[in-house]
Structure formats: structure tokens, C-alpha cells
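There is one chain below, alone, in C-alpha cells, taken in the form predicted alone.
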């Protein structure tokens, strides 16, 4: 039995027993559904269902590798895009470890040039250093560091949505994606009819794009030679975020970190030698006029680091796309065999995807592993493996098979 047939059969067993877990979207009859199948290049789009039972029965019969529904609402979801009749769309965010520069990627992610077969680790280059080819096969692994980094970004995003935009936690649905990140979905009538440009404004605010500190409390003397005042940490919105981010940066910044900002040696020495005094100054008015020689431009360079740390790393294209298809909750992810798990905003901090998103909890299977880094499933750690036949619990085996890192042993 080849890998695809084996995975398909296991997915079929799962859906036969657990299709009732599939969580339907609100206004199900107004949504478009799409499915990736286990047949090569076969994708099914423009489907609609009148009720959740029809949807669940369809998933059981089709056994998709991925199942999606539209963030948008349509008059006629089964028509072609130009005839659907767009009625609005929920606000949707995707946070993926792909957009977070974690150091662990250099250890576990690999790429192979499609043209010459040259291999490397980490993020794929723009072109192959050997042959100049621009096409790569990439294998990305969801390790614990990646998943924790994505969770941290998701929690920052929730803070923006609740504190800055005023959404209620009851309007926000958080989900583990089933792979390397989190999805955050907001259902609110006031944002439903926003077009792509309006959603871009939300994206720019959350990412701190184009943010000018002069409009957020940083004030200087004429010609910017000296800063007279700056934002406080307890202020709302980006003023408070700038102050908190600046405090965090100055708390741990090394000489090398400050040199990377292009600050003058005199300013760097001031920050290093007077760090304790600078940090304590936030109890009153902050350090904005305290560092000798630091004018508006120097502070702006420091504040850029604050903005970088305080902003949330989201896939900006996903949020501005008013026709986006999003993964259906409690369905299997074809790249891992894990579930997309819906959570409340209060549950995310304690959530462990490597335990709670595992679908296949029974049985064992012998597989031949080509190469895999160390990984955890539940309470057990597996690997690293290279060119070895090994008997594994079903969840670990399915994960490696879905990653195309292994083959079912004869």
C-alpha cells in the first residue's frame, strides 16, 4: 500500500467515527465550501450545504485531505465568483510560524532545488546557489519553539482586537490551524461589509506599518536635537505599546543590538552605563529627555525596535482577501494528520497543540523514515531518524507520512 492510500484510509476511518465533531460556520447556507482531495490536482470548489448534516455526510463520503469554507457570505455560493453575489465577510487572521524568524528553522526546515537537487536548511533562497534555479521543494516542521512563537503572536493579536478595537471575546474565535500556527476569526456586523482597503487599514494598525512616533507622543525641540517628552506605558493604543516596547528593548539591549541601530557611540555608552537609571525613570516621565545626545532621530531608531516587538506578525494577504477560504474546524490537516481545534480566547495560553490536536490515538504501524528531526506527540518524543525502519504509534507515523518524510514499510 502506498502512502496516499494509507493516509486516505486512516482519514476515512476517522471521519466515519468523528464527522459529528465538525463545527459548521454560522449562516452555513450562505458560505462557499472547498475541498482538496487525495487525487492528484483534484480540487472541489463552489460547493454549498443547507445544513450541517449534509456537510458532515459529504466529508465522510469524499474524505478530503483539506476542508475549507469561505469567510465571505454569498447569495449563491455555488455560482462562479462573478455571479455569487458577495454579501460581506468575517474578519480573519492567519498567524503562521512561516512569518516568524525563529532560529530553529535552520535546524529542522529543509529545501531542495527542483532543478539540480542541491539541498539546504532554513528558509529557501531566492535562487539556488549552485545552478541559479528558482523552484524549491520545501519541508517545514512544526516544532515546539515554532508553535510557542506562533501562540505568542496570536496572543498579541487578541490584545489588539480586544483592547484597541473593542471586540468582545465572544465575537472572536481562536483556532489552532492543525499545522504551524493559529487562526483568529471575528464575526461582527460592523466589520462584515468592509472592503479590502478598509481591512488593509486594520492590518497596518496591527503591524505598526507607517507608524510615526511624532503622532504618538514623541516630542522634540526645533530641528529634533533634543527630545522633550514621550509616551507613557499606561497609555492606550500605540502610545502605550511604544513605551512598553521601548522599555523591554532597553532592559535587555546589548552593545551590539544598539550598534545595529546605527546609534552614535556616545549614546550607546550612555544607555549601557545608565541603564538602571533609565529604566527607573519610567516611574515618573520616562527616559525621553534623559539620555544625553539622543535626539528625535535616535529615539525613532529605538522606537522602530519597540514597534517590531509590539506588533503582531500576521499573514497580511489573508486578512485583506474578502473571498478567502478558511480551514473548517475539527477537520484534519493533510500535511500533519492533526486537527484544526477551535478555542476560546481564554484557552489559548494553556493550549498544547501537540497533545490536544492529535487525531489518531490507536494502533501502531511500521514505516521507513527517510529523514526527520526530533519531534513530540503527546508525552512522547521521537527521533531524530534517518534511513531507518521503525514501529511507531499511529499519530507519529501519520505525521511523518503526511510530511512525506517516510513510507509505509512492506
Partner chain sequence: MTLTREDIAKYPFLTDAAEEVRRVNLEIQNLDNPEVESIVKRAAERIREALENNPPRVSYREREEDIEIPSFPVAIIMAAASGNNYIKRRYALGEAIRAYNLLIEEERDKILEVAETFNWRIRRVKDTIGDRRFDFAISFIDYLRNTRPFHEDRFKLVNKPLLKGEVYLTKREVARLLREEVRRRIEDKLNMEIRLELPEKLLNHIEEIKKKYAGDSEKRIFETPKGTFHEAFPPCISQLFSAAKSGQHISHLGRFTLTSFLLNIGMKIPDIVDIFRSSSDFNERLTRYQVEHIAGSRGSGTKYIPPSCETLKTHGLCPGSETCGNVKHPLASYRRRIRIFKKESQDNISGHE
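Note that the coordinates shown come from a computational prediction; the quantities given were computed from them, not determined experimentally. Positions refer to the first chain, counted from 1.
A second form of this protein, the form predicted together with the partner chain, is not displayed here; the remarks below concern that form.
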Which residue among 205, 118, 86, 282 has a heavy atom within 4.5 angstroms of the partner chain in the model of the complex?
205
Given that the partner chain is left out here, which of 129, 166, 222, 101 has a heavy atom within 4.5 Å of it in the model of the complex?
166
Non-hydrogen atom within 4.5 angstroms of the partner chain in the model of the complex for each of 211, 239 and 317
yes
Proximity of residue 255 to the partner chain in the model of the complex, heavy atoms at 4.5 Å:
no
Since only the chain is shown here, I'm wondering whether residue 266 would be in contact with the partner chain in the model of the complex (any heavy atom pair within 4.5 Å).
no
Since only the chain is shown here, I'm wondering whether residue 143 would be in contact with the partner chain in the model of the complex (any heavy atom pair within 4.5 Å).
no
Could you tell me if residue 292 has a non-hydrogen atom within 4.5 Å of the partner chain in the model of the complex?
no
Of these, 194-202, 101-109, 70-78, 145-153, which stretch puts a heavy atom within 4.5 angstroms of the partner chain in the model of the complex?
194-202
For the heavy atom contacts within 4.5 Å of the partner chain in the model of the complex, list the residues of 67-87 involved, in sequence order.
82
